[in-house]
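Consider the single chain below, provided in structure tokens and representing the form predicted alone.
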């Protein structure tokens, strides 16, 4: 039994407003679902960011390497490195990259990434870290004059954090980096709800059902998936796209391996995840409030997505 999964499920399903932490999507099987999502024609974030990296790789890497500084690249939520390798290839061409630290919750992803990158980039020093974002932050220390830290938090990962988590993450980043270091964020911009529904509703359905079923297979749950309705919605005021399961009936779920009975009223929701979309003004204010300054910003052709390079004030 995965103890971390068990603790997360118990904590979430005993809360007043029931939830399951979305980091539990990213076990080995869940990561496969995410790979399938990334190639879906309607799931724009991956293609939008890939387009930015391809079109602006030279400009981005010149910013990273000014003064001919060597690079220590730290990537939170590295996944399979599909987009990152565009910039790593450019950094190698500039003879600038020192070490690459991919960080991910799924070790399966990291093992595959290391194997693939060792073939593509045999000269690259790669040390992966199998932890969540907040635990991994503690593995790095500020100041080393021999290289510049470049921290990647790309995709739309920042939009998945709660307000408390995003504040904590940014505060930790500020302590981690020096004035000579830089951060590259991927930010999903606000857009038509029609585009968002096409990108997220049906495409994520099987992934969400998998997480419910994982409770059955790993924790001895007796969840009947037919007793739940999959529901998603977008709030244009907050910019949050959210995922839920709604209980169709009054029911009690028994999860034997954690000795838990969960009572659900008819139409009571279990919250699964969110993906927040930002306006340009909003993300600029967030960074400014955490004492960061923007160095440069890049957009895809549809203005669906932006990559922001920033450092501390």
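Numbering follows the first chain given and starts at 1. In this text, all values refer to a predicted model and were calculated from it rather than measured experimentally.
Form predicted together with a small molecule: not shown, discussed below.
Of the listed positions (121, 147, 133, 210), a single one reaches within 4.5 angstroms of the small molecule by any non-hydrogen atom in the predicted complex, namely 133. With the partner removed from view, the residue among 78, 215, 183, 199 that has a non-hydrogen atom within 4.5 Å of the small molecule in the predicted complex turns out to be 78. In summary, the region of this chain contacting the small molecule in the predicted complex, judged by heavy atoms within 4.5 Å and restricted to 170-178, 188-196, 101-109, 215-223, corresponds to 101-109. Although the partner is absent here, residue 157 is a contact residue: one of its heavy atoms lies within 4.5 angstroms of the small molecule in the predicted complex. At a distance threshold of 4.5 angstroms between non-hydrogen atoms, residue 38 is in contact with the small molecule in the predicted complex. Not displayed here, the small molecule is kept clear of residue 271 by more than 4.5 Å at the level of heavy atoms in the predicted complex. Heavy atoms of residue 34 reach within 4.5 Å of the small molecule in the predicted complex, making it an interface residue.
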